[in-house]
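Presented below, as structure tokens, is a lone chain in the form predicted on its own.
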């Protein structure tokens, strides 16, 4: 199965609505697409409906951002049930995201670059890419990439840290919801060095294939994951047109057996609940 298992929509910080994302997946010849918005399940119903219409299997998921010292580790959760506990966690994270975006706008206003909150909020969940696009639209920067480089990136004058889970807590939250926990882009921010601890905490998979992984690293992550009995996945991390990181849908793919293995693992978890 040709599958891109890591994408984002306007339900979090992507620039495409779920229906548009699925339509583009179909046009790109993908048989399956994972919709893994940050801290949100809000786009899944629309994506699944669009998938039925377009003949694309939508793999429901979520991406949880976690703090490790000054760095980050991201956990992907596939096929989670929207349990009350998971919903409460996502609501807490969404509230933190909104508070962060508002503080960014306050800092930008203090720098002489005011933006209108209500205009941003009308698009749905507001993340840094939306703020970056608004800065470009207002003429304060040439494009979103410049906005991140000069203002919104870590250490920039409008950078605001956000509340994050620990990786072990994120794995537990996914597993408790009957989902499959996968380490996202292990080659980014040194996440790979935490693999052993995360496996002990219940991690079930590793995203070996990602646009920011050179081929030799993809092979390394694939080999190590198989040694540990993990499910090997992959995805483009596409956030849509205009995103600072111009990853293209289908740019990185999961191994052909990945979707079947994720489904089987989710079924096993749910039977054990």
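Residue numbers count along the first chain shown, from 1. In this text the structure is predicted, and so the values were computed from the model without any measurement.
Keep in mind that the form predicted in complex with ligand AMP is not shown, yet the notes after this line are about it.
- Residues of just one listed stretch (128-136, 105-113, 195-203, 77-85) have heavy atoms within 4.5 Å of ligand AMP in the model of the complex: 128-136.
- In the model of the complex, at least one heavy atom of residue 244 sits within 4.5 Å of ligand AMP.
- In the model of the complex, at least one heavy atom of residue 100 sits within 4.5 Å of a heavy atom of ligand AMP.
- Although the partner is absent here, residue 151 sits far enough away that none of its heavy atoms falls within 4.5 Å of ligand AMP in the model of the complex.
- Proximity of residue 162 to ligand AMP in the model of the complex: non-hydrogen atoms within 4.5 Å are present.
- Contacts between stretch 3-22 and ligand AMP, counted in the model of the complex as any heavy atom lying within 4.5 Å, involve 13 alone.
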